[in-house]
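There is one chain below, alone, in structure tokens, taken in the form predicted on its own.
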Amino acid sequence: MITVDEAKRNLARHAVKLSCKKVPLLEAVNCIIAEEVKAPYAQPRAHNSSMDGIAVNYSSIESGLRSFQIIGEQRAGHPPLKLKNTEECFQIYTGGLIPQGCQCVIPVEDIDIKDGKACVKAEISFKKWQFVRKEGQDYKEGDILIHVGERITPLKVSLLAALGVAEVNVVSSPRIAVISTGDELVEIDQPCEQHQVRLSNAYTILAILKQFSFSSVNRFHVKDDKTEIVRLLNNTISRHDLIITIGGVSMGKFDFIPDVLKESGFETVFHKIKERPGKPLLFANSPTGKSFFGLPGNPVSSQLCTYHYIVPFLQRSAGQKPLLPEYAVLKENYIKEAPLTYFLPVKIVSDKGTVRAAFVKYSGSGDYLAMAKSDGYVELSIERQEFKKDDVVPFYRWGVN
């Protein structure tokens, strides 16, 4: 049995590089970018005005001149004009390039225009380059604007479109098989007898994967029959990059997954972690480089292990940096019953900028209601048994990077 930190280090070492593909810009939303995007030119590409007004030579303002002859218009989308006489000016509009010989824009509300002249109001003060968006102010040519592993959000689409990027190289979603096991499970749209349980875990795992943009997922179910488990595993492994099973990894008579993996040639990297919930978690690799996670069957265990281990494993494989935990202040005391790392669902309360975590009433690893009511979970270290109110602990949201 290994610690939580040892499990994370093992998974980081075994992350695999996913393939990439080019897709049209709008199809790339929520995908993970596979190559860095560099600025092909500075932005703005030239000095331009951030206001409607007049463009003047700054030295004339410094010398006390307050009236300028208007000799033309500098509109957006037109090449820059040239000012030859410092007692003259151009009317300029937002986005218009700053005319040659001008270093100052005076807003339209600070001037009066009469008989072709712009008169600056007496009480107005000025600065050189005021209301000018200078060349390279946002970024310089060659700057890295988007790094490998970043998620393409709608706002990044805006940036890519402005750069003229019509196609984006993104990480291909790995092909994932989610296999639930158990005689007691029935489909969610079927009648559920007292001795049965609806097949909710698999839907939860699919939803979590989809939340993090890993959407190429197929779902299967198999009874607690070793022969059937072997058959299904052999049928799915060639068509998927990652296999996730739910249930069948503990110490019971019908927990066949560890033996099936061994007989099928998988190398078990670890099985069982010093944590609660989620202790029976298993991770293995096939001889052909396919990855395998065996999740515990209890809902809270499978959900937490998916968030804490499978999602970061996939993120690393996609070139992303897994999210680091936030930190929260405990609202109450907690005493652990065993020398394990504890993961506990919490509600978050913001208290004047301090993030405080309140434990959600929680009756064990089958209590999916507690998870549904929570904002995330805290991690209570294996090193300590007793945690007190106002202790600061790692906190993980049920969220996306």
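Throughout, we count residues from 1 along the sequence that is shown. Because the structure is predicted, anything quoted here is derived from the model rather than measured.
Beyond what is shown, the protein has a form predicted together with a small molecule; the following relates to that form.
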query	finding
In the predicted complex, the residue from Ser317, Gln74, Asn298, Ser173 that sits within 4.5 Å of the small molecule by heavy atoms	Asn298
Candidate from Ile106, Ile310, Ala202, Leu97 lying within 4.5 Å of the small molecule in the predicted complex - any heavy atom	Ala202
Non-hydrogen atom within 4.5 angstroms of the small molecule in the predicted complex for each of Leu185, Arg198 and Ile246	yes
Region of this chain that lies against the small molecule in the predicted complex, out of 150-158, 318-326, 79-87, 248-256 [heavy atom, 4.5 Å]	248-256
4.5 Å heavy atom contact, Thr306 and the small molecule in the predicted complex	no
Partner contact for Ser180 in the predicted complex: the small molecule, 4.5 angstroms, heavy atom	yes
